[in-house]
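Below, in structure tokens: the form predicted on its own, a single chain.
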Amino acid sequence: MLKEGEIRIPAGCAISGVIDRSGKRMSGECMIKSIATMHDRSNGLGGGFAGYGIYPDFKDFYALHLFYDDTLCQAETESYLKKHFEIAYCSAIQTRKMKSITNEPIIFRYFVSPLPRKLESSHLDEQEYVEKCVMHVNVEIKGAYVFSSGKNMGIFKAVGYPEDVGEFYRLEEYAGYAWTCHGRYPTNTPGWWGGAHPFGLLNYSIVHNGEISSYDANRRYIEMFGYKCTLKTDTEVITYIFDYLLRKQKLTLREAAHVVAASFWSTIETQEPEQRDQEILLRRMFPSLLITGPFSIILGYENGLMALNDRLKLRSMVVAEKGDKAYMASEECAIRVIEPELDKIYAPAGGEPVIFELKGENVQ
């Protein structure tokens, strides 16, 4: 007879997030504590964190976090970066030795700004230029992988339980106004360092609990616009979908949410005319970006966090507030362990985004 822990449980994965809307920065230790309460949802094959506001001294530079298999691909990548960027500062990402974290790659970070002459000759805007460079490294340079590329934010991930990953990266030494984290590994792929969540591109990051059945349709469509889904996992394609809808198509967060978790046609028919017309338009414009299957996600971006369930709410998500702080997690315990007394706590409806943003003058 199979015992607990000896079978694959697709409903696993743990996600958690917190934001202080006043802009006050919090130690990453709070997220380690939060995700540790959901240890049984993880399996030791992946864990990771994203922190926003963690690099105030370099806030105007893109922070590139990279994994390298060896020094040869590191040298090739650094040569490429020097041809395309001004490198303000670079260093190994500081870690601590842990018995539970093994086979670590070379882990480096670079604070960069596009070289003006290169940017001008590319005829791209700055973010598009950075995206193309990130895609080049990840596709063309074997053994190198850019896993974080935003401004004043960073992703930290590895193979291991998430609480161990947080300790490994010494996240108690970082402070940010928003954090997200994830336990487990990308669906239907082997556990490896680059494949752990969060997935990120520029300032967008995604942590995801679930398994989407529309992966192939979503991937084929999004790759028409220059994205390369090198990791063959659903969370990667979700990240690129949001980057495409928000950055390139200039949709609002709610509009993007109603593309990926569109209302059923029977529901749309009952809506007020203005809302009905907008949802019909979005469904007709982006039919291949509807995400089907069970999911709950947290989207991180420079000004806030958004929680979103699939339209049938097949994965758990709890949201809570306490003063300026807002929380979202797979389970209530992950919130209560860092904030026992709450002003409000609730479970969002399927397909309805919950958005918390920095207040006015605190927008980064």
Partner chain sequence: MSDIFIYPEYEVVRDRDACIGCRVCERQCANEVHRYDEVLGRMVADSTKCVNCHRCVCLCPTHALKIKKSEDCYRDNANWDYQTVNEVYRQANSGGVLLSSMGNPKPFPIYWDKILINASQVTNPPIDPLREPMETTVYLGKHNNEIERDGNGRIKNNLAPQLKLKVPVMFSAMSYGSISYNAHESLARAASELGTFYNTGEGGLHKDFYRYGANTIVQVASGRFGVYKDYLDAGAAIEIKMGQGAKPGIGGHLPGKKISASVSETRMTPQGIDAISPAPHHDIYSIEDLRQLIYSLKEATGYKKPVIVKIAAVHNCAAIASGIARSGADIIAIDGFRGGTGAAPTRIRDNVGIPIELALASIDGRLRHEGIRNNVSLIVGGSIRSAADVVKAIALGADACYIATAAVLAMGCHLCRTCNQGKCNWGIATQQPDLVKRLNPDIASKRLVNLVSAWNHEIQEIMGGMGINSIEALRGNRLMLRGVGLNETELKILGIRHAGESL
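Keep in mind it's a predicted model, so treat the numbers as computed, not measured. Residue numbers count along the first chain shown, from 1.
One more form of this protein, predicted in complex with the partner chain, exists but is not displayed; see below.
- Put simply, Q278 is close to the partner chain in the predicted bound form: some heavy atom of it is within 4.5 Å.
- Using a 4.5 angstroms threshold between heavy atoms, F286 counts as touching the partner chain in the predicted bound form.
- Interface residue remark: Q271 is not counted as part of the site for the partner chain in the predicted bound form, having no heavy atom within 4.5 Å.
- In the predicted bound form, Y221 approaches the partner chain with a heavy atom inside 4.5 Å.
- Among the residues K83, K142, K232, R254, the one placing a heavy atom within 4.5 Å of the partner chain in the predicted bound form is K232.
- For the candidate set Q127, T292, S113, S122, a heavy atom within 4.5 Å of the partner chain in the predicted bound form is found for exactly one residue, namely T292.
- With the partner chain omitted here, the record of contacts in the predicted bound form names 223 to 231 of 145 to 153, 223 to 231, 114 to 122, 96 to 104, defined by a heavy atom within 4.5 Å.
- Contact annotation for 310 to 334: residues with any non-hydrogen atom within 4.5 angstroms of the partner chain in the predicted bound form are R311, L312, L314, R315, listed in sequence order.
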